[in-house]
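So here's one chain in two forms, each on its own in structure tokens, numbered structure 1 and structure 2.
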Structure 1
Amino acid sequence: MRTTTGKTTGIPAQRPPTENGWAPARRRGRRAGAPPRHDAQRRRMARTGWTYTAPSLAVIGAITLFPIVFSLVLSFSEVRIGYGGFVVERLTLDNYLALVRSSDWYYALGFTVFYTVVTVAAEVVLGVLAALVMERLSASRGWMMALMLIPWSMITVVSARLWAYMYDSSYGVITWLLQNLFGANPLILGTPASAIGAMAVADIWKTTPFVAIIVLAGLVMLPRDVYESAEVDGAGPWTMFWRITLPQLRPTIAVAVLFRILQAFGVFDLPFVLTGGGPGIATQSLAVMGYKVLFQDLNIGAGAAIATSTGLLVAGACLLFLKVFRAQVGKEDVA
């Protein structure tokens, strides 16, 4: 797909492809108009580059690449724990077959997708609104930002415990409020629908500030002259928001949404502390299910299969999202 300017749609500031990843370093070493360096010198520079980056690459390999590949291998193995460590009995597809035959896995997948869509959508709407309000503030913006960051900076296990106290059916303040307001006797964490809602509220409370701060950063960077021109042309606040602010904020929102999809899809600590995955398995996310299968049942292969499939699904979802969102950004560029 090409735009009218002939630019390939994608990241607007994308660099043209180079021969290899070290092109910028090489370019830095060259003066304009100087003859190309000798091959031997280039190799020496590459070697120096590798020497400098080797420690970081080793760390990345050890803590990122190795566990991912290790988990992938485990997911295709029948594994048990022996006195000498993991014992791979044989390679097998059984772990994945068990997954696709398990109704609990389908439920966990459906729940995780639903939860991700609902919470991320709500957080984006509320985050944009909060950012718009904060942008208007002058002296108190710093204070407001600090206040808003409190939920975000709180450890989820702690905030989940606090929400559990507030939702408690015997002594929870929210239960008490609902009883006094509506005369009902709500079982907030006791029925599937209300437990899912309660969990979503706790998540939205915690992560909306994160979205708001990112959107605010994008908002203050928007060029003022466009608004001035629009005002001269007679555009009202609504028009300016829909036609100028929102389209220009799209790349910022895309980043925020991407981060949130990654976090929401792997949600673990909130359901683990707040509901334990219950009632029944109503709030059992893929991560909670993976934890139970892996660490409670010590079913290593199946646990690794849940982790691997979740990783692939979320990577696929993010790629799809980026593709769609980038296309829209490209269209706005054309307009």
Structure 2
Amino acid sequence: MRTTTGKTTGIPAQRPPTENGWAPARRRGRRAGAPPRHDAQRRRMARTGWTYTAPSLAVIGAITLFPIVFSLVLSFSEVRIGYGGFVVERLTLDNYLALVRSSDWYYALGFTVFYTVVTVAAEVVLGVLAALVMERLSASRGWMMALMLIPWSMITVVSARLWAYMYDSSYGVITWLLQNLFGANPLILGTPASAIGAMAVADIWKTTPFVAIIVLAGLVMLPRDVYESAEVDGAGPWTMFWRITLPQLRPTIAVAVLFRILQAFGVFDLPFVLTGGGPGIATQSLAVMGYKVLFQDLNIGAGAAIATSTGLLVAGACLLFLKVFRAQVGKEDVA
């Protein structure tokens, strides 16, 4: 306690009394209007986390964004190739104008869309059927999954080479089988229609196990009590599949379809090894066309324009699919 002369007596000062006779307790470490202590601790931990992860995020961002931005700049540029590399001379829209005037680009776009729709639809149907079969297996489910993973785990270049051997018009086993069944010697990879069909079969054979395993993971997570209640109400297998299984599997199937759209729209290695884009340009996808323009014709600006437009088309298709899927799920929730 401080006296009138400014000296301290060593006696602690008494708190001023309140209306009920008790002095208010002093709050330490927090001022009026200051945020709670746990919020400040949370912000401090967030700053520490961002400090540690910022270098890795910067590296990932540079690796991911730099090729995209560089390709976008090249697609709007007139590029000249010289002995010291390529030189960007000026910015121009000629690459995209040449693209929209090219009949080959329209054919590659149509073929890529057709190939994506057909193969993804077939893989979803076959994958759901395979998952329903494996879901009913007990002891042999692991063996079945291991067998189905063999095509999916095979490198696409190897599987394409394998199917090329089987489709070969001289010694291919599929050609031999068709010759013995129908008495003809078909050129499977020599005509446009059969080459497109052969390429779709090879893709469906390889990728259907991927869809089946994703759908199987969703199947085993479905609640069993719903099926027991449906059986008590007298629902048959088809009714339970159509009214219970399929609606609850829609999010899982949507994930599988989204992944497959991304892969199928950018297909390159299968047509490049199996058919080379032929006969003619019958199996030439957008990715194969971009490779030929960029690395064979050495037209860097046009090749970058094909790559950029393909990326925008894939992103637009995925966003449209997600929007339609969310709108459908929202209607079911309201109903």
Partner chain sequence: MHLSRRGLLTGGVVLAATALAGCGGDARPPVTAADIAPPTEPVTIDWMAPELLTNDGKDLRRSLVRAFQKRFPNITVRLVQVPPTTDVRRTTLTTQIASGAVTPDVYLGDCAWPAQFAHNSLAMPLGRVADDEEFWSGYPEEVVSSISYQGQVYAFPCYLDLAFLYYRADLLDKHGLEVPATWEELRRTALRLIDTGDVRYGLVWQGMSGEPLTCNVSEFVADAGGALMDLRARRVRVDSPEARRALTFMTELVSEGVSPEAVGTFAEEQTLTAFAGGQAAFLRNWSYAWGSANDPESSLVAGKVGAVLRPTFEGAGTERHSTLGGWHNFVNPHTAHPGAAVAFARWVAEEEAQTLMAATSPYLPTLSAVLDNPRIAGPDKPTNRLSADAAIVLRPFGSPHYPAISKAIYTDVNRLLVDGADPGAVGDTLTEMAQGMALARDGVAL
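Heads up, when I say rigid core I mean the largest set of C-alphas that superpose within 1.5 Å between the two forms. Since the model is a prediction, treat every value here as computed from it, not as a measurement. Numbering for residues begins at 1 and runs along the sequence of structure 1.
Between the two renderings of this chain, the form predicted alone is found in structure 2; structure 1 comes from elsewhere. With the core held fixed, the Cα of V273 is displaced between structures 1 and 2 by less than 2 Å. With the core held fixed between structures 1 and 2, I68 has its Cα displaced by under 2 Å. Once both forms are fitted on their core, the CA shift for A287 between structures 1 and 2 remains under 2 Å.
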